[in-house]
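A single chain, nothing else alongside it, follows as structure tokens in the form predicted on its own.
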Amino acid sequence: MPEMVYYYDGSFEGFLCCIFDSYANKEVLTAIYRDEDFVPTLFASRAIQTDQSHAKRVFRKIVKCSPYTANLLQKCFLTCLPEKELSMYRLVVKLLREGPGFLGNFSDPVLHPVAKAVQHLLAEAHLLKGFVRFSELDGVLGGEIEPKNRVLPVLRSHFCARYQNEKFFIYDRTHKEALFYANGKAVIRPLDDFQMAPPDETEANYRILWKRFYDTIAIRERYNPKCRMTNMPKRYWNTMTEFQDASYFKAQSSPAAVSAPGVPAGISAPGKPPGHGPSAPESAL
């Protein structure tokens, strides 16, 4: 069977069409790229068009063989696993060739990278359920996150259930997209350019109160930065109220910045960490 490099539109359905075409053309895939990531190569390559009927046929076949694998693939597509499409393709090939028996072995070389990436995705989403900080902007709650994985599809049900009577949005700085919720409906849309509005006096006061609470409950004698970074990893601090500088507490109508509050026993906020992590696809499932 000839070897081939495929490139597609970056959607989950497009990835499923890559699997369909590889079987239809009897080709073994050595690489799968999104259109924007593809670089011309000396190896044989093919552009794959997304066909919803082909995608549905492949997905139904995977579900029939193993519903667990179908769910695993959907979640793995949201991860920052390097060359994740090729890992997912190899998992499907092994499933169709050998059946689902190997799925009980987490150390299997084909299953392990996919399952481990999904574990990382779910762990990050779990942390962000507690690390998202909302601000009230004209009756709308707004928050920002900087995850490694594309977690908004995973977080959607949690926050929609928690704030079902509110209007809110969560902006993902890493992947340039936002979750919007209002009147019982939620959508995730690309948002290339976004800047959070400065707070009004009321919101600025709430931020100060939260910062003061965080500083007040700190016990200087038990200060343990290693333990704190274990439970609250440093890469999340950049979007958390308690770690911001003075400008974050400046009200829109205020001519000068409100000093970031603190108490004598408080722990000073660290500087903002640098950017991180590779980007995941922008397409929704």
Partner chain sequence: MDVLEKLTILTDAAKYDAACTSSGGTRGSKKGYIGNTSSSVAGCCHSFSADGRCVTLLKVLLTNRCIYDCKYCVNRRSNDTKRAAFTPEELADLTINFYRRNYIEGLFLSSGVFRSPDYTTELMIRALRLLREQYRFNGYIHAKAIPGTSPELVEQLGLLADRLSVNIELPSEAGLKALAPDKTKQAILTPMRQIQARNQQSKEELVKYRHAPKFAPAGQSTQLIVGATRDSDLHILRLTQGLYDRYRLKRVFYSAYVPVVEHALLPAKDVKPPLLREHRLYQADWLLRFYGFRAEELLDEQNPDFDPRVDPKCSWALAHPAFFPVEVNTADYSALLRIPGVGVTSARRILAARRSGRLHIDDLRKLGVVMKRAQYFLTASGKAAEGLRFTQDSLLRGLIAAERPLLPQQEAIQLSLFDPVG
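Since this is a predicted model, take the numbers as computed values, not measurements. Residue numbers count along the first chain shown, from 1.
Separately, the form predicted together with the partner chain exists; it is not shown, and the next lines address it.
Between the options Leu141, Leu191, Val118, Leu86, the residue in contact with the partner chain in the predicted complex by a heavy atom within 4.5 angstroms is Leu141.
The partner is absent here, but in the predicted complex a heavy atom of Ile217, alone among Ala47, Val28, Ile217, Ala246, sits within 4.5 Å of the partner chain.
Across the proposed site, Arg133, Arg212 and Cys227 without exception bring a heavy atom within 4.5 Å of the partner chain in the predicted complex. Although the partner is absent here, Asn71 lies well away from the partner chain in the predicted complex, with no heavy atom inside 4.5 Å. Although the partner is absent here, Pro109 is a contact residue: one of its heavy atoms lies within 4.5 angstroms of the partner chain in the predicted complex. The closest non-hydrogen atom of Asn165 lies within 4.5 Å of the partner chain in the predicted complex. The shortest heavy atom separation between Tyr223 and the partner chain in the predicted complex is within 4.5 Å. Partner proximity in the predicted complex, defined as non-hydrogen atoms within 4.5 angstroms of the partner chain, places exactly one of 88-96, 172-180, 133-141, 191-199 at the interface: 133-141.
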